[in-house]
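Starting off, we have a lone chain in the form predicted on its own, written out as structure tokens.
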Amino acid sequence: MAFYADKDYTQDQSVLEAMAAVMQGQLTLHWFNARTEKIKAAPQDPRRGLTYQDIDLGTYGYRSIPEFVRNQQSMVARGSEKVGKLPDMGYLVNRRSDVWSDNVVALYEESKARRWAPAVDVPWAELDRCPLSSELERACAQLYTFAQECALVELDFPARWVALINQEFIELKSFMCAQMLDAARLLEAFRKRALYGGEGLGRASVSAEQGLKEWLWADTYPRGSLCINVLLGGFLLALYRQVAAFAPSKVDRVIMGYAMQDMARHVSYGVGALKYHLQHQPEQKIALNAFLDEAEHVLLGLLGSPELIEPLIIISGGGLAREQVRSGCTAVRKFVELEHSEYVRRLRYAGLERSDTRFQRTVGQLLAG
């Protein structure tokens, strides 16, 4: 055990005596006099219900969180009265502009309103009624194997950071937990799809695994969020859209439709967090541009992974016949172009200009060839 309380409460006679007295009806009621703000919350829209926006009030509100949280290191919920010796949780992320986004509260509410369940919301029986050809089913099994690798990283990133972020950022941490649920749900759906078709899982991608690990272990939260929520999230959003557009079955179309709505939230938060970060720490533009010079190569590791690109070509073309492969290659080339242009536009919107980088030149050469 890494932390020990000040007392062993099984040996603290005063605690035991107080508990015995309360259990006999001798209530102290000292907590009646908590010096906290008295507020009555109400939903602005009864149809929507009571949201975090509705309780953004006074000392309980997220608008009152300062840029630097200097003296709140306990796990006490924001707005509570803090009395006595509270434990220092040792939070490592205590600056608002390192984590916050103006849309994070709305995205958290949306994540709850648009939840879905792979077990019942995906029409699995359609694959029994309309089975795919052998090559298409194998391509789907491989693609969903790759998608699982990415979903696991999408799950691990917020899990890695959520306990290190100051408890004052309650709404942000709630959204990070929602991100974990999104990723777990996508992982479940992708795994079930790969197994339901009868082919089992495919092969792991070494280039994807190496690159994803590099992104996952970025040394600061802003850098990690840029990698996972913007670079990876944007890549996956484009990938899900591509598969939905050329879906070989209704099951694949439904799964990818849900996947797009979930991943769009992650990307929206990531871009918003980057924008907020740069607005309040403009000096970070140079550092983040330099960081991206070293981090963007992972996108090529993902795009160039045979375990992704080949099944994607087969799915986009509809099979392995010569004309189908040619058609699939054309469609995937457009996918790469669109993914790259969307990535650059997102960075520009957030405040980062990327021009004539090594990554952009390499992508241009690949597309030209």
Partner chain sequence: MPNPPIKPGADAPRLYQRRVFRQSKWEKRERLYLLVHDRGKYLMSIKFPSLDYFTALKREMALEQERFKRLGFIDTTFGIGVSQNGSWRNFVLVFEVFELKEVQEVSELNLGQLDFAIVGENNVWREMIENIKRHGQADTAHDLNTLTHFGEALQVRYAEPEGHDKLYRFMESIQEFFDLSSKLEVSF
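Keep in mind it's a predicted model, so treat the numbers as computed, not measured. Residue numbers count along the first chain shown, from 1.
The discussion below concerns the form predicted together with its partner chain, not included here.
When contacts are defined as a non-hydrogen atom within 4.5 Å, none of Val93, Asp98 and His297 contacts its partner chain in the model of the complex.
Listed residues Ser133, Ser80, Ser207, Asn103 were compared with its partner chain in the model of the complex; Asn103 is the one with a heavy atom within 4.5 Å.
Taking a 4.5 Å heavy atom cutoff to its partner chain in the model of the complex, the contact residue among Ser268, Gln284, Asn166, Gln148 is Ser268. Taking the partner from the other structure, its partner chain in the model of the complex has a heavy atom within 4.5 Å of a heavy atom of Ala113. Using a 4.5 angstroms limit between non-hydrogen atoms, Tyr9 is distant from its partner chain in the model of the complex. Contact check for Ser74: every heavy atom lies farther than 4.5 Å from its partner chain in the model of the complex. Contact check for Gly198: every heavy atom lies farther than 4.5 Å from its partner chain in the model of the complex. Heavy atoms within 4.5 Å of its partner chain in the model of the complex map, among the stretches 288 to 296, 260 to 268, 139 to 147, 82 to 90, onto 260 to 268 alone. Of the residues in 72 to 109, those that come within 4.5 Å of its partner chain in the model of the complex through at least one heavy atom are, in sequence order, Asn103, Leu107, Glu109.
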